[in-house]
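Only one chain comes next, encoded as structure tokens, the form predicted alone.
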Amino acid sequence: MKLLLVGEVRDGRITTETAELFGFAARLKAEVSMALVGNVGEFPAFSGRLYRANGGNEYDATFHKRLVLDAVERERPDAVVFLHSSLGWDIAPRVAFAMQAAQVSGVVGLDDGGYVVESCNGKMRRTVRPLTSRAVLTIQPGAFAPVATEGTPELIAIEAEPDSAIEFLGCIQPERGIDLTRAGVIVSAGRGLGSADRVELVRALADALGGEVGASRPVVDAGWLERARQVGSSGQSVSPSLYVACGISGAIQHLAGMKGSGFVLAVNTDRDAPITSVADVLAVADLAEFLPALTAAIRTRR
């Protein structure tokens, strides 16, 4: 199998998530080439062709599309693979339409020749297979572990003049106010709590443990907790010594943000929830009963 990986550059550096594209390719034992836009001093180590274009900017969909299609014409890959990022969301459909190829978005796994994607807000997974000879894929950050690669790519410059109708002014990190990345203990609230008033059970446990309160995206979207506390691929990436997941199903986007945690305690009524795949201990219990009991026990010992 032959893949064209589309790397990403931010602030003059190749993003760390780009290495996950190689992890995906390794699972398929695929031959790879890469397309990259941006002025960078170092390139990823791999054996293959790296198509690059200086000029343009790091977020110019029109310019990126032309580069990728030029590389596709030269490489004739079986699939073009993007990260499931804001850049991938923007460019992958344009490339798929130009190639008249099927697109599969948000790939989290491989199964019997097909691609596994999530559905029903992460509660279910389905396996799909493109019916076109070539495909465009986006892979979820955190779904495929980076792999160590080696080699020196053959650099191939592509000359293209930027002609975007949009001027890129730069990226601005949102003001977070709450820095979960330095927390040693995080107790996170998930939709399984059932209602906003039960967030106080999570706060009480976090307080007893001397930790911070985190949240899954559904909890933030529901307005139960502020967005600054969101953990996941669209929130903060954390690495506490102890992570307590309260009523969190374990969507791949959430797992991507807490995969660096030391010890994971999951509290859930569903013993088959995806969070169990990363939990060191699973407590199958009613949160309204378990959390106050655990909080009281911890306070008694302190």
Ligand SMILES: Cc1cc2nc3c(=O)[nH]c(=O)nc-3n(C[C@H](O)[C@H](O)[C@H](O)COP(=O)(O)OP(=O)(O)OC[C@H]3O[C@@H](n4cnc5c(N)ncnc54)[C@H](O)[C@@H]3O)c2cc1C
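Nothing here was measured: the structure is a model prediction, and the numbers come from that model. Residues carry their position along the shown sequence, with the first being 1.
The same protein also has a form predicted in complex with this ligand, omitted here; what follows describes it.
Should L21 be counted as a contact of this ligand in the model of the complex, where contact means heavy atoms within 4.5 Å? L21: no, not in contact with this ligand in the model of the complex.
I'd like to know whether V231 contacts this ligand in the model of the complex, with contact meaning heavy atoms within 4.5 angstroms. V231: contacts this ligand in the model of the complex.
Heavy atom to heavy atom, is A273 within 4.5 Å of this ligand in the model of the complex? Although this ligand is absent here, A273 would touch it in the model of the complex, with heavy atoms inside 4.5 Å.
Give a yes or no for S261: in the model of the complex, does one of its heavy atoms lie within 4.5 Å of a heavy atom belonging to this ligand? Judged by the heavy-atom cut-off of 4.5 Å, S261 is well away from this ligand in the model of the complex.
Counting only heavy atoms and a 4.5 Å cut-off, does this ligand in the model of the complex sit next to every one of G88, S105 and R134? No, none of the three is in contact.
Pick the stretch from 43-51, 240-248, 30-38, 61-69 whose residues have a heavy atom within 4.5 Å of this ligand in the model of the complex. Looking at the other structure, the answer is 240-248.
Only one of R94, R125, R203, R191 comes within 4.5 Å of this ligand in the model of the complex by heavy atoms, so just point that one out. Among R94, R125, R203, R191, a heavy atom within 4.5 Å of this ligand in the model of the complex occurs only for R191.
Any residue of 257-289 with a heavy atom within 4.5 Å of this ligand in the model of the complex counts; write them all down in order. Heavy-atom contacts to this ligand in the model of the complex: V267, N268, T269, D270, A273, A285, D286, L287.
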